[in-house]
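There is one chain below, alone, in C-alpha cells, taken in the form predicted alone.
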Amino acid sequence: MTPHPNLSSIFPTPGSIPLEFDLKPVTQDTYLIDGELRHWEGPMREVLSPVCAQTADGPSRVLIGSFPLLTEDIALEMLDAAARAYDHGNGLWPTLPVEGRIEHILDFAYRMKEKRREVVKILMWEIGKSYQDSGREFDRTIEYILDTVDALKNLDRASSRFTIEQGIIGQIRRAPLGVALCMGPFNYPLNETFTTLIPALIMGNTVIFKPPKYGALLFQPLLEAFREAFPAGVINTACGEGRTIVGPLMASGKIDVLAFIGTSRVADVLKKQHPNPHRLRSVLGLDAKNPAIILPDADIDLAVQECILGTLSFNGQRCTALKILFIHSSIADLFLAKLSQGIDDLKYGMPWEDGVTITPLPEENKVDTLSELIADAEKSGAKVVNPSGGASSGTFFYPAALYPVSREMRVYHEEQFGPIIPIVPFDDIAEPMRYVTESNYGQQVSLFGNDADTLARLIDPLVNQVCRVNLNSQCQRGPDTFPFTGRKDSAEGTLSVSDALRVFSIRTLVAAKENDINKAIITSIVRENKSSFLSTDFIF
C-alpha cells in the first residue's frame, strides 16, 4: 500500500500548535460527592491525547492531564449520599415542585455556558474531535437542556388537570424512580451523557454519573457548576475504573435506574450484577451495524455524498454511523470511483484545523484493530479501493473503502467503529434484506433510490427490523425531538427529549371516589397549595 504523501508529517512539532488551541495539562484532583468538592490524593490516571507530537522516535501521544481513580469505598459513599438525597422519595429533590427543579436545571445551564471555551478545547484534545464539531456538541447540549425544560413544562401542563372516570376523581403525573447511574460514551462524552443525566435529574431522580475513560477531563470545568446548581447528594461524579466502582454500585442493589451508552456486552454484565434485576429500569444505547442499501436507480452523487457523511463523520466513531454499504452490482464501479474521489477530497489533519474531517483516534490500539480488520478482509478477496486507504501513522488512520466484502469477513459482522467502509455488492434485494433480518442489531437503515413503489415495498418490512428508516440520507440521531432507540441488541428504552422524561419516571396517580368529603379534601389541598403532586399549578 502506498503511504499517503503527507501522512508522515501529519502531527505537529513542539511549538507549532496555534496558541489559541494549545492546552495546559488539566489536573482533575477533585470529585463531587454529597455537595462537596473533595480533594483526591490517591492514584490518578494519566490522559494521553490522540494528538501526537513529532519526536526523534516518531509520533508520541501528548499528555494532557489526569483524573482520579476512585475506590470502591468512595463509590459506595457516593451511593449513600445519592440515596440520602432521594430518601425513598421523601428527599428535597424528589419532592420539589417541577418548577423548582426546572430553576435548578436552568441555573446549571447558565453556569455551564460560562465554561464553553474550556470544555470545547479539552473535548477537542481528549478525543480528537474537530474544534468545530466540539463546539457544536457543546451548543447542542445546551439546546438539549433547554428543550428538555420546555418538554417537561408541556408534560406538566397536560398533567395539571383532574380526570373524572366512572365516579373516580384522579390526577395522573409522573414521579421519579430513585437513584440513577448514568454512564456516557467517549464519542459524544458531553452530549450523550447529558441526554440521560439531564432528564434523570429534572424528573426528580438523584444521580451518580461516571464519565467515560476517554472524555473524563472535559467535565472538570463543570464540577463547580454542578455543586452550585444542585442540592447536596443530588449529583455525584465517579471517575475511575469501571470494574472497581461500577460493579459494587450495581451489586449493592440500590441503583434504581441504569443509563448506559456503550456495548451490549458490558450492559449485560452490568445488569447481571444487580441482585434484583426486575426492579432495575434500564435505559441503554448499544451497538449498531447500520447498513445503507443503494438501489440501481439511486442518485449516485447524492448517495456518495450521504454515505461519506454517514461513514466518516467523526471518523465513523458514531453508533448511528453507516457501518456497511450494500451497492447494486450494476452501479458498483461508478459508485466506487465517486466514493474514492470523495474520500480523497476530505481534509485530514489535526482537530484544530479549519474544515478538517479525519482526525486521530483516541482509543488505544485502535489503529492496529482496524488494520487487522482490513487484513482479514483481504485474505478473503476484498481490496482497498481508494488510494492510501488504511495507511496510518501513530494514532491516525486514513479511511479505507473495502470491496467486495462478503459474509466470511469479520468486518461484515463486526462493528468497526472507525474509518473503514465495507461495501457489499448485490444483485437481488433479498441479500441486503436478509442481512438486516439476521443482524443482531436493529437501530437504523438508509435506503437510496428514486422509485416510490420499490421504496414502499422495502419500508414496510424494514420498520419491523429497525427503528428508523432514512430515505436518501445518512443515519443520524437528530433532531432530538424524534425518538431515538433500537431493536434487538441496539437499545433498551427510547431517548428523545420527551421520551427521556418518561423513561426516567413512572406514571403515578392520586385517586378518590367522587363524593362530597373527597371533593372538599382535594379542593382544600389544591387551593392552599398543600401538595406538590396534587396541584393544578400551570407552569408558563
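One-based numbering along the sequence shown. Since the model is a prediction, treat every value here as computed from it, not as a measurement.
Only in words, not in the display: the form predicted together with a small molecule, which the text now covers.
At a distance of at most 4.5 angstroms from the small molecule in the predicted complex, all three residues 192, 476 and 484 contribute at least one non-hydrogen atom. Screening 104, 140, 338, 328 for any heavy atom within 4.5 Å of the small molecule in the predicted complex leaves a single hit, 140.
319 is the sole member of 235, 319, 200, 400 with a non-hydrogen atom within 4.5 Å of the small molecule in the predicted complex.
Residues with any non-hydrogen atom within 4.5 angstroms of the small molecule in the predicted complex fall in just one of 236-244, 274-282, 389-397, 180-188: 180-188.
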